[in-house]
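Here we start with a single chain on its own, the form predicted on its own, put down as structure tokens.
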């Protein structure tokens, strides 16, 4: 089976979109989100404001330019997993394959600070995570033939999406991800007390 090649036009559109997103993030990190206008971003990317809006629905979407791709990949981890792979194992592999490289990005801390210190971006991120939860829980529910509002599926989706947040502050993030998925797989066990000195 051959994979269709991407047309020159589509490559140019993707490059323009990436140039706009890169310019926006650079300006947001330099000046702060509220001090940057769409016109500033268009000028920095050498495009018109109409071109910016052709690629992005609004200013917030420029910060989360990979949002749709990340959501699609998350759903694909469930729907396109191997037939012998459980949903939890597929999601574990997806998180291990994607999240550590995002956190290791040189601008990760600056990006997180930008989002956390800007109320409109925090609100956008919360809506995005709610949408991810809904999409992931629906994909899980579909796999089991239950309703999209099934509490077990919603709870699993929500917990999986919180794993990167819970692992972020740990020195060995990969081990933390594994430990959190182990809790989901095997159930919670009370921690053992360290031996007395």
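Keep in mind that what you see is a predicted model, and the values were worked out from it rather than measured. Numbering follows the first chain given and starts at 1.
Not on display, but discussed next: the form predicted in complex with the DNA.
- The DNA in the predicted bound form is not approached by residue 147, whose heavy atoms all lie more than 4.5 angstroms from it.
- Put simply, residue 54 is close to the DNA in the predicted bound form: some heavy atom of it is within 4.5 Å.
- When contacts are judged by a 4.5 Å heavy atom cut-off, residue 143 does not count as touching the DNA in the predicted bound form.
- Although the partner is absent here, residue 58 is a contact residue: one of its heavy atoms lies within 4.5 angstroms of the DNA in the predicted bound form.
- Annotated contact segment (heavy atom within 4.5 Å of the DNA in the predicted bound form): 38-46, selected among 128-136, 147-155, 165-173, 38-46.
- Against the DNA in the predicted bound form, the set 70, 108 and 113 makes no contact: no member has a heavy atom within 4.5 Å.
- In comparison with the shown form, the Cα-Cα distance of residue 124 and residue 180 decreases by at least 3 angstroms in the predicted bound form.
- Compared with the form shown here, the C-alpha atoms of residue 167 and residue 124 sit at least 3 Å closer together in the predicted bound form.
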